[in-house]
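In structure tokens, one chain follows: the form predicted alone.
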Amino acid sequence: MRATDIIEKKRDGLELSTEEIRWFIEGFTKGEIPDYQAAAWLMAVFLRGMSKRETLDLTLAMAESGEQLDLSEAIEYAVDKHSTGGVGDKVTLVVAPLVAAAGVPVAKMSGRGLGFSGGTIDKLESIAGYRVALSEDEIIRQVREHGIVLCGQTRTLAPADGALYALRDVTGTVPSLPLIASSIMSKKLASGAKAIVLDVKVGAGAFMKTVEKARALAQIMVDIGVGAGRAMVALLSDMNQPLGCAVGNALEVREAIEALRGGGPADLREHCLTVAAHMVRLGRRDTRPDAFQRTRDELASLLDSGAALAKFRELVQAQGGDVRQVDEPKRLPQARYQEPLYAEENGYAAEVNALKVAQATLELGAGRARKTDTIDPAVGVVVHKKVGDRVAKGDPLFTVHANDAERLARARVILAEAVTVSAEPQAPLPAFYDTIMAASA
């Protein structure tokens, strides 16, 4: 085979064979196919798309490009979740211990954030001493002993994805549904999951701005999972406004602990219970018609009883974190400045723009504009109003947590444009827009 022939075939809109896709991905991963040819192939895929079969073949080739984690020694039927990212998305911090508290083991590998705010791993590193780098043996041992692991991704899982993404980022080919879906799913398949719950965000603060586009991406990923023999559920969730109230690493850890204590914002609790109920139902392979509702009720009790919080504390201790920061969240990093931003008129919140809030937190240093940037765990924004809430002049809309006065001033300018107040009552935004389930799920 020749790389040029494969590039030209896709350029002309023809379907690549399984063998051609595997050969190309293997050659690129080994360094035998240069970046410029891989970039040309990515652009051809971006312009011409991929069939359902091609997308599955690409995903499997990427998943098999490195080591694959075998969790069967510790977990008979591993369940995982993935979020396409969002503003204030601290869901994993609540869902993983909640699912584990229900007796369904969780071994989740998460990434660092690039963009508005930190990823799950960055948030966990707000806890002093928390170890995110674990070996495969450590992962297996910890999930066997504690039923839960939350760690960083190993470098050997799906290396083809990392190499291809670096090219996509600089060649204008990121917004390709087959490439997005194969990137996400290759890592999930390589990490040993047998059932996967996808949380696909929709709206101003998400990559997918419309329900239609989010549904299309979710369906492709569900099809990949089913084709690879996995049970799948995909949720389309709102990201027009931040999830919960806290946006920023230590602030989100603190809010997650509140949720694990049975409190926290209502939208965060609802979101976490929904995701967790699907994970537990899949993990137990419970196909009864009322399985979801029964499971959700059980999980609500685990939140309210403190069982989920106890599991989170166990996780933090197992990975070397300072459990005093779980017991007393005020010990988590705190910013030097904490300044409110007040409403200037009466009415109802018609918009709390998630993208604007995200841009403000990035300005404060809660995220990374470049991979080499250092995250400040203490900074961020706390949102005090949600769409539909009544607003009175002088009410606090946000509290800005900053360690630099100039950054704080710039963040305030951005946040001043984040809330739209209407004289007319506004309906709250839905938590979810749709659920896509595979026949086997």
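For every residue, the number given is its place in the sequence shown, counted from 1. This structure is a prediction, so every number in the text was calculated from the model and none was measured.
There is another form of the same protein, the form predicted in complex with a small molecule; it is not shown, and what comes next is about it.
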property	result
Partner-contacting position among A190, A214, I184, V143 - heavy atom within 4.5 Å of the small molecule in the predicted complex	I184
In the predicted complex, the residue from L179, A335, V316, L302 that sits within 4.5 Å of the small molecule by heavy atoms	L179
Partner contact for Y342 in the predicted complex: the small molecule, 4.5 angstroms, heavy atom	no
Contact label in the predicted complex: R168 to the small molecule, heavy atom within 4.5 Å	yes
Partner proximity in the predicted complex: F207 to the small molecule, non-hydrogen atom cutoff 4.5 Å	yes
Residue stretch of 90-98, 160-168, 354-362, 275-283 approaching the small molecule in the predicted complex, non-hydrogen atom distance within 4.5 Å	160-168
